[in-house]
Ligand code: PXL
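Take a look at this single chain, the form predicted alone, given in structure tokens.
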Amino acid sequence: MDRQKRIAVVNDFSGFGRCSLTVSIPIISASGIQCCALPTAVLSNHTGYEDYFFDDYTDKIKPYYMKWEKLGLGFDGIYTGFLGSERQVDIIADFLRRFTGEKTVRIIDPVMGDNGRTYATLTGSLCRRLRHLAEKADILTPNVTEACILTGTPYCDAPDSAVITEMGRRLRRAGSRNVIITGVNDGNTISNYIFQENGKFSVQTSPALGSARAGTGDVFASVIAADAVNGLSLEESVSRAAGFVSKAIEISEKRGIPEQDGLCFEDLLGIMI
């Protein structure tokens, strides 16, 4: 049987705001891959809004995926996003042990903070657990803030390329097979630094467009995850992901979409395959 490829996506489900699972499901599906959602929490909308409904799913995660194990399911990729507690990290580490097959690609987006600020949930012990999880990544996708946290590097609004390069190499030495440090902004351009397991290093740069938007990292990492399972090279995938994000930002700006409402990417789904 010519089985369709599958990616298990571990993230919260926010009904409004274009982030996490509501971003990954359509992007991965449009890439011809079955997207299998493993929710860590359910929210009415993401926490960037002044009020929201929140239902913690921590106690339900393991019973949920144990049914998958009973069904004998396997995955070509596992992509993890925001994990809000030490317990969740431990549970997802168990999930990775159970469901990582010989050819499973593990894409880990270590959602910890942005623009020099850590998220409210990030404690010292949670940070240590996320570092251990990052070491299991086949592809790790931290932004500059997260790369600083993971490597213990002081944050700078405008880090030079030598600092970014050293952080990427340290993350590789720690165990992550491939690392993409995303969204390095110098005011005029956005760069993505790519560190590959074969020792190859490259930087891709494009013009900075618009302002920061909720869920941008989720859109980028979802494209990377889909492309990894579809067998694209990392450099080609980063180029596609950056181009997809740039076009979505242009559309969002033209339509006057509020920043907290995320990227208006729906019109672009047809170009994914």
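Please read all numbers here as calculations on a predicted model, not as lab measurements. Numbering starts at 1 and follows the sequence shown.
There is another form of the same protein, the form predicted in complex with the ligand; it is not shown, and what comes next is about it.
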message = Contact with the ligand in the predicted bound form for Thr47, defined as at least one heavy atom pair within 4.5 Å: yes or no?
response = yes
query = Wondering, does Cys35 line up within 4.5 Å of the ligand in the predicted bound form on heavy atoms?
reply = no
query = Does the ligand get within 4.5 angstroms of any non-hydrogen atom of Leu43 in the predicted bound form?
reply = yes
query = Should Ser20 be counted as a contact of the ligand in the predicted bound form, where contact means heavy atoms within 4.5 Å?
reply = yes
query = Among 27 to 35, 201 to 209, 59 to 67, 215 to 223, which stretch sits within 4.5 Å of the ligand in the predicted bound form, heavy atoms only?
reply = 215 to 223
query = Looking at Ile181, Leu171, Val111, Ile107, which has any heavy atom no more than 4.5 Å from the ligand in the predicted bound form?
reply = Val111
remark   = Students should find that, of Phe82, Tyr193, Phe75, Phe95, the residue having a non-hydrogen atom no more than 4.5 angstroms from the ligand in the predicted bound form is Phe82
task = Go through 112 to 151 residue by residue and record those having a heavy atom within 4.5 Å of the ligand in the predicted bound form; state none if no residue qualifies.
result = Tyr119
